[in-house]
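Only one chain comes next, encoded as structure tokens, the form predicted on its own.
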Amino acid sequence: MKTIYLDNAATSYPKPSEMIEAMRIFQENIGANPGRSGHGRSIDAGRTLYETREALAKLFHIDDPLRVVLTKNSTEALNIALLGALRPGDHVITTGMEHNSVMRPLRHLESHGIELSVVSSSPQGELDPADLSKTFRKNTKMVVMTHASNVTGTIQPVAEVGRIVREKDGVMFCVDAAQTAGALPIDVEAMNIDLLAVTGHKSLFGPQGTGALFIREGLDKRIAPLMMGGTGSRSEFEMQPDFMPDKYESGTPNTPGYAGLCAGLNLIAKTSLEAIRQKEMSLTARFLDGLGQMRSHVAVFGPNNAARQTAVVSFNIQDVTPSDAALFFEEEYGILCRPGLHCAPSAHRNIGTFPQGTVRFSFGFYNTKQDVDDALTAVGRLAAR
């Protein structure tokens, strides 16, 4: 039985051969610690990091690559932004469709004196910016939101929210782009994004353990580092560097991983973001159309429109729990998917699927039309029972 991988929202698979080769070449030919020595291999390792920053900056329309902090994932990036910027008495606005990478730090901060407003979305997971705009207070310091839901794939109006936030003095706009970096166009200038958190192991075709945080110029003065230690710079001082990106990058980095991430970013540039988006939209539309023929037994959550969502589809089959469905799909058809709450209980409450959750099929660039058709056959067989 062949394996059909439909869990790309968790991590993309397979990884491109270019990524694997770049990591191998780094380990075999460089292998040194960047910034910690003056020899050629250490310099080459540092160049690997800078080339990754450059590729990230180009993809997201960031003017200065040194505004890009390299992290181990989007969760670390969000923790830097939230824990580093917010203080007791500050007010924060977020949405009802957030992943726990946003909600858990915010709930922690709420227990330590910040004020939190959670703006509900529609049953399809779509935010109305007008609802958010009514929530601002005099002490509002940040709006933080996902670009697209990891549960329903719903694409949120980030650019419109960015315009609203930019009109507010001293309010930062933080975007969680874990699901959209490499899948949708992101322009930090056009969208007025101050803080952008991304992960490398999903649509950027990088390995696990890589990510980044963009910090707009001047905001680093307001954001404390998450941890402190050796940076390879200013070694004569026992105080943490106060300049970008060293302020937020303590400890030996995952340089082999960033070599792989850089290769993934180069593949996106070569293939084009538009081509990737069009293919994933086509696969999603094909699957949604097929599910539409089973609506008497299958409930689909989210926009149910490939143009308004990423390649993520959540559904439930009548009288079948998500976990039982996922087990059936794997054992009978070799389909790997994810059931349950997807680390996003707030989103499931918003769409009415808490506490059982949903079955999530998430397609990627390396899936085929045959994968979609086989998935529809599997869903149809289980629904017919």
Ligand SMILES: Cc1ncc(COP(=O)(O)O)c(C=O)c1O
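Note that residue numbering begins at 1 and tracks the sequence as displayed. A quick note: this is a predicted structure, and the numbers were derived from the prediction, not measured.
Keep in mind that the form predicted together with the ligand is missing from the display, and what follows is about it.
*Asks:* I'd like to check something about Asp176: if you look in the predicted bound form, is any of its heavy atoms closer than or equal to 4.5 Å to a heavy atom of the ligand?
*Replies:* Residue-level check for Asp176: yes, a contact with the ligand.
*Asks:* Although the partner isn't part of this model, could you tell me whether Arg216 comes within 4.5 Å of the ligand in the predicted bound form, counting any heavy atom of the residue?
*Replies:* Arg216: no, not in contact with the ligand in the predicted bound form.
*Asks:* Check whether Ala148 has any heavy atom within 4.5 Å of a heavy atom of the ligand in the predicted bound form, and answer yes or no.
*Replies:* Ala148 belongs to the contact set for the ligand.
*Asks:* Check Lys279 for me: does it contact the ligand in the predicted bound form (non-hydrogen atoms, 4.5 angstroms)?
*Replies:* Contact check for Lys279: no, nothing within 4.5 Å of the ligand in the predicted bound form.
*Asks:* Where does the ligand sit in the predicted bound form: which of 88 to 96, 69 to 77, 268 to 276, 288 to 296, heavy atoms within 4.5 Å?
*Replies:* Flagged stretch: 69 to 77.
*Asks:* Between Thr284, Ser121, Thr199, Thr255, only one gets a heavy atom within 4.5 angstroms of the ligand in the predicted bound form; which residue is that?
*Replies:* Of Thr284, Ser121, Thr199, Thr255, the residue with a heavy atom within 4.5 Å of the ligand in the predicted bound form is Thr199.
*Asks:* Exactly one residue in Ser101, Gln156, Asn192, Thr140 has a non-hydrogen atom within 4.5 Å of the ligand in the predicted bound form; which is it?
*Replies:* Residue within 4.5 Å of the partner: Ser101.
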